[in-house]
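Only one chain is shown below, in C-alpha cells, and it's the form predicted on its own.
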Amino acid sequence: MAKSNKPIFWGLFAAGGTVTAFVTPALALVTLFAAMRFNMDMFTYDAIHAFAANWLGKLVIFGIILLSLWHAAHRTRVTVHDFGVRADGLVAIVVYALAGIGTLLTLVYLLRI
C-alpha cells in the first residue's frame, strides 16, 4: 500500500475549519456587543444560566452541541480511514455511538436546567 500525505492535509483542513468556526462567530459577537454598547453583566453566571434555562436557549445549545458531535464523529471516521484502519464498519459504530450518547446526555442535562 502506498503512503499518503492525505491525513496531514485533512488535519490542517480540519484545524483551520475549527479555528474559523470558533473564532469568527466569537469575533462577530464581540463586535456586535461593542457596537450595541452591551455591558459585561451579560456574561455573569446568572445571565448565562437564565439563557440556558429558557426553551429557546436550550434549543440553541442543543443544536450547537448536536451538530458539533456528529460532525466530529464523521471527521474522526474519515481520519481513521485515512490512517489506514480499514475496519470502517466498526469505526462507524463506535464514533456514531459516541455521538449518539453525547447527544442523549446533552438532552438530559439541558432538561435538568
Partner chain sequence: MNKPYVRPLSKTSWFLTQPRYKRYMAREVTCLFIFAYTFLLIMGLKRLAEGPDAFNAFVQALGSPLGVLFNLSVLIAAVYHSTTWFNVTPQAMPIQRGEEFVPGKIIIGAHYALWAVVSLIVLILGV
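What we label the rigid core is the largest C-alpha set whose atoms superpose within 1.5 Å from one form to the other. Numbering follows the first chain given and starts at 1. Not measured: the values here are computed from a predicted model.
The same protein has a further form, the form predicted together with its partner chain, not shown here; the description that follows concerns it.
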Going by a heavy atom distance of 4.5 Å, is P25 a contact of its partner chain in the model of the complex? yes
Should I93 be classed as touching its partner chain in the model of the complex when contacts are defined as heavy atoms within 4.5 Å? no
Please tell me whether any heavy atom belonging to M42 falls inside 4.5 Å of a heavy atom of its partner chain, as the geometry stands in the model of the complex. yes
Report whether the minimum heavy atom distance between L32 and its partner chain in the model of the complex is within 4.5 Å. yes
Sequence-ordered residues of 47-74 touching its partner chain in the model of the complex, heavy atom within 4.5 Å: I48, H49, F51, A52, I61, I65, S68, L69, H71, A72, A73
Fitting the rigid core first, would the Cα of V23 be found 2 Å or more away between the shown form and the other one? yes
Which is it in the model of the complex for the CA atoms of G100 and T24, closer or farther than here, knowing they shift by 3 Å or more? closer
Cα separation of L56 and F33 in the model of the complex versus here, shift of 3 Å or more: farther
